[in-house]
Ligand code: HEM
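Form predicted on its own, single chain, as structure tokens, below.
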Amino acid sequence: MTETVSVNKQLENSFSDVSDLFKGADVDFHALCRDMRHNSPVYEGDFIARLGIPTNAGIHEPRPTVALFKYKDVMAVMKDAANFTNGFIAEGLGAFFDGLIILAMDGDQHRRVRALLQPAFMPASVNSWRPMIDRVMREDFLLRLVPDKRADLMEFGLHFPIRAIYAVMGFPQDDPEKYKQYAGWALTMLGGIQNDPGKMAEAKIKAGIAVKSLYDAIKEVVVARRAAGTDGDDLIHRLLRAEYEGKKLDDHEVATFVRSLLPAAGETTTRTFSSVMTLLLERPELLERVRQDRSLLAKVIDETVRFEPVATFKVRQAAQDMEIGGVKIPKGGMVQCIVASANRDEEVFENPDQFDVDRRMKPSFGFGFGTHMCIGQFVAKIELTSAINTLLDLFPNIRLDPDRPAPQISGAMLRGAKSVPVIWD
């Protein structure tokens, strides 16, 4: 029992540390973006550094930087992978993954690796995992909470994406405490990205230890899976079978790619869940509509990702001298696409500051866009749908706890609610 409490606490601390790292300046982030969108839509300068948050670039020497706030400008950059590239990420977050991180790849390398990985993440594939994910939500988490009639949903929200994604990946099911340790390592890896020079060295050491520990744990599973045969339905088996243009992945590549997926697999789903539930619970009439018509959940998730994206910006690097909105960007310059601003651009979205599941949906950037669209988005959507459906099935009249502070979605990056206290009948 003591060991379980310790592992839970380590995971909670890691999540809190990452939240604090990316919280940024104490500002109304959407109001600031609205002001920039209207008055400085192409901003010459490092807008992200102004907020006091790091990027995944790991670049500490000054480089010419612009920030984009309008939908059309963000769309133009995200669609143009030839002129706005991702390779610079290998200097930062990618350094922890031996260069085998799809986010840091460009051109033919990215095309080939994406083609190897993509089939395992398409709806036709991930839908086969739905019954297993439903069972995890119901039996491993929520059923036992029903008699309590009171909970903080984030105590569930922090753990269910971890448990679900490790089940999907084919990790042994008999030791869930291991998953929490693995998830803590994955979060510690994110903590290796620092702006503060005083914290940088220690953070990199901790991240390096976490990277090695997580790799060793995954590699052990990968080797065992290959030895047992590659005909299973889990993600690791599918990656072991994957082939494109005569190329297959070896054990090191499978282990490294799986490791690179894990920080976002739990982290992003947890924060999206917090925002979805906050926005629903703030709107009891909408919550009741969803309870009666579960097909609305897809729209709720998509509108949440538009309205409150977890990742508020994406960064690209100019591959040659460029110009956007009359502002010159030299080759090698950094381009910060403020997707949270683009998602609320009045020229594209009617009443953009309203959460409206009935709006005519248009492409937004919460899961990225273009060649680097989030490869795991369909897994995340199934997990979120399963979690919310199970909550609505098991917790009658779920509502905000009037005796606890109301949830607040916050953060300049990695936005979400730290606490979502509820009661039910």
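Computed from a predicted structure; not experimentally measured. Start at 1 with the first residue shown and count on from there.
In what follows, reference is made to the form predicted in complex with protoporphyrin IX containing FE, a form of this protein that is not presented.
Student: Find the only residue in Ile324, Ala151, Leu116, Leu261 having a heavy atom within 4.5 Å of protoporphyrin IX containing FE in the predicted complex.
Tutor: Selected residue: Leu261.
Student: Under a 4.5 angstroms heavy atom criterion, identify the one residue in Leu103, Ile133, Leu249, Val221 near protoporphyrin IX containing FE in the predicted complex.
Tutor: Partner contact (heavy atom, 4.5 Å) among the options: Leu103.
Student: Does protoporphyrin IX containing FE get within 4.5 angstroms of any non-hydrogen atom of Ile165 in the predicted complex?
Tutor: Yes - in the predicted complex, heavy atoms of Ile165 and protoporphyrin IX containing FE come within 4.5 Å of each other.
Student: Even though the partner isn't displayed, in the predicted complex is Thr65 close enough to protoporphyrin IX containing FE, meaning a heavy atom within 4.5 Å?
Tutor: Heavy-atom contact with protoporphyrin IX containing FE at 4.5 Å: absent for Thr65.
Student: Though only this chain appears here, would Met361 touch protoporphyrin IX containing FE in the predicted complex if you measure heavy atom gaps against 4.5 Å?
Tutor: The answer is no: Met361 has no heavy atom within 4.5 Å of protoporphyrin IX containing FE.
Student: How about His372 - does it come within 4.5 Å of protoporphyrin IX containing FE in the predicted complex, if we only consider non-hydrogen atoms?
Tutor: Answer yes; at least one heavy atom of His372 falls within 4.5 Å of protoporphyrin IX containing FE in the predicted complex.
Student: Taking 4.5 angstroms as the heavy atom distance cut-off, pick the stretch from 40-48, 25-33, 377-385, 391-399 that is near protoporphyrin IX containing FE in the predicted complex.
Tutor: It is the stretch 377-385.
Student: Select from 63-81 the residues with a non-hydrogen atom within 4.5 Å of protoporphyrin IX containing FE in the predicted complex and write them out in sequence order.
Tutor: If the 4.5 Å heavy-atom criterion is applied to protoporphyrin IX containing FE in the predicted complex, 63-81 yields only Met78.
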